[in-house]
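Below you will find one chain, with nothing else, as structure tokens; this is the form predicted on its own, and questions on how it binds or moves follow later.
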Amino acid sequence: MSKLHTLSEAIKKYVHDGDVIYAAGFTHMIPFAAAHEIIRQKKKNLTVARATPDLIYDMLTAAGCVKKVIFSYMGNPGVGSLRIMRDAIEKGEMEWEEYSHFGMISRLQAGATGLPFMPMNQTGAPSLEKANPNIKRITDPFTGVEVIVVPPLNPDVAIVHVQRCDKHGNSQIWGIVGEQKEAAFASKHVIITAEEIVEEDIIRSDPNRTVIPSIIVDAVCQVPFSAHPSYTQGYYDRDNPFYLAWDEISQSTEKIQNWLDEWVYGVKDRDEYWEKLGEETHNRLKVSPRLSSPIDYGDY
């Protein structure tokens, strides 16, 4: 059965006020278009979880969608602080829960596998244990050594951007693969945004590239350029000037609101957003083809 939706339909159906949302992607293929649609639909009181909040959660916070963040590293990558989220935390306006990178991924692994916790070797940041009561120590029954344990994370919705998938949700990713698989398997619902929806035989021709299977996917949305200002390997580059510009925009409440009014509320969907970015940006972000060598799966 086809799971094709518009992005607007998918967000309306599966994202509700008060939900725990995981927007996946480690620097690569961050689902910004979905975040913008969440803002347009004025979702509220969300708990947003992510190993690296990036600009995507700064935008959601600026729009008043977020009540809590669960995270590891927080920053505007390569630039500096996430000013909006940091300000909200320092003012006590937003709840927060911090882990190491491996701690966040371990939480997803526990959630994906149905385990009550996931053990980890002791980290180099014991101060995290003081700041976060969900990070505990137990004794390894085999060695007697103390290990760190973290609880499972089971988001209400995972949103994952991919290069291509079929109409059922069998989704393929190449380039930098982050926590997309773990987030999808740990979550109650999964929304896929894709650069391309392709025929099933294309997906089946390269099955090892299928990171997320259809059985856990609820909605499939064809949304080209969904990851801008991050990038999608083989489709478009990272928009580094945008990240620099956001640092300046995010210093002013007035500038933030003006940006949201123009680039989120002022466009109806990703197509209008991409068109508005203009030809100069399109050309700057173009990538040249670099094909991998073909492989032969054989026949039997």
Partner chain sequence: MNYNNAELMTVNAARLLRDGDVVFVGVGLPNLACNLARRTHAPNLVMIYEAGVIGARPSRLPLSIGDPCLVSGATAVCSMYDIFSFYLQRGNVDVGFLGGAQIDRFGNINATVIGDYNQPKTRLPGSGGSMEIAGWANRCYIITPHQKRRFPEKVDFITSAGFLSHRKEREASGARGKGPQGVVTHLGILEPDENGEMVLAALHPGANIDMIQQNTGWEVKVSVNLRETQPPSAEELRILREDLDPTGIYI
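Positions refer to the first chain, counted from 1. If you're wondering where the values come from, they're calculated on a predicted model, not measured in any experiment.
Below, we refer to the form predicted together with the partner chain, which is not included among the displayed structures.
If the cut-off is 4.5 angstroms on heavy atoms, which of these, T210, Q222, N154, S100, is the one near the partner chain in the predicted bound form?
Here the answer is residue option S100.
Suppose contact means a heavy atom within 4.5 Å; in the predicted bound form, does that hold for all of F26, W96 and Q109 with the partner chain?
Yes, each of F26, W96 and Q109 comes within 4.5 Å of the partner chain in the predicted bound form.
Stretch from 183-191, 196-204, 212-220, 225-233 whose residues place a heavy atom within 4.5 Å of the partner chain in the predicted bound form
Selected range: 225-233.
Report yes if any heavy atom of N45 sits within 4.5 Å of a heavy atom of the partner chain in the predicted bound form; otherwise report no.
Outside the cut-off, so no.
Report yes if any heavy atom of Y73 sits within 4.5 Å of a heavy atom of the partner chain in the predicted bound form; otherwise report no.
Yes, Y73 lies within 4.5 Å of the partner chain in the predicted bound form.
Partner proximity in the predicted bound form: R270 to the partner chain, non-hydrogen atom cutoff 4.5 Å
No, no contact at 4.5 Å.
Considering only heavy atoms, tell me if S127 and the partner chain come within 4.5 Å of each other in the predicted bound form.
Looking in the predicted bound form, residue contacts with the partner chain include S127, since a heavy atom lies within 4.5 Å.
If you look in the predicted bound form, which residues in 264-300 sit within 4.5 Å of the partner chain (heavy atoms)?
Going through 264-300 in order - heavy atoms within 4.5 Å of the partner chain in the predicted bound form - there is one hit, R290.
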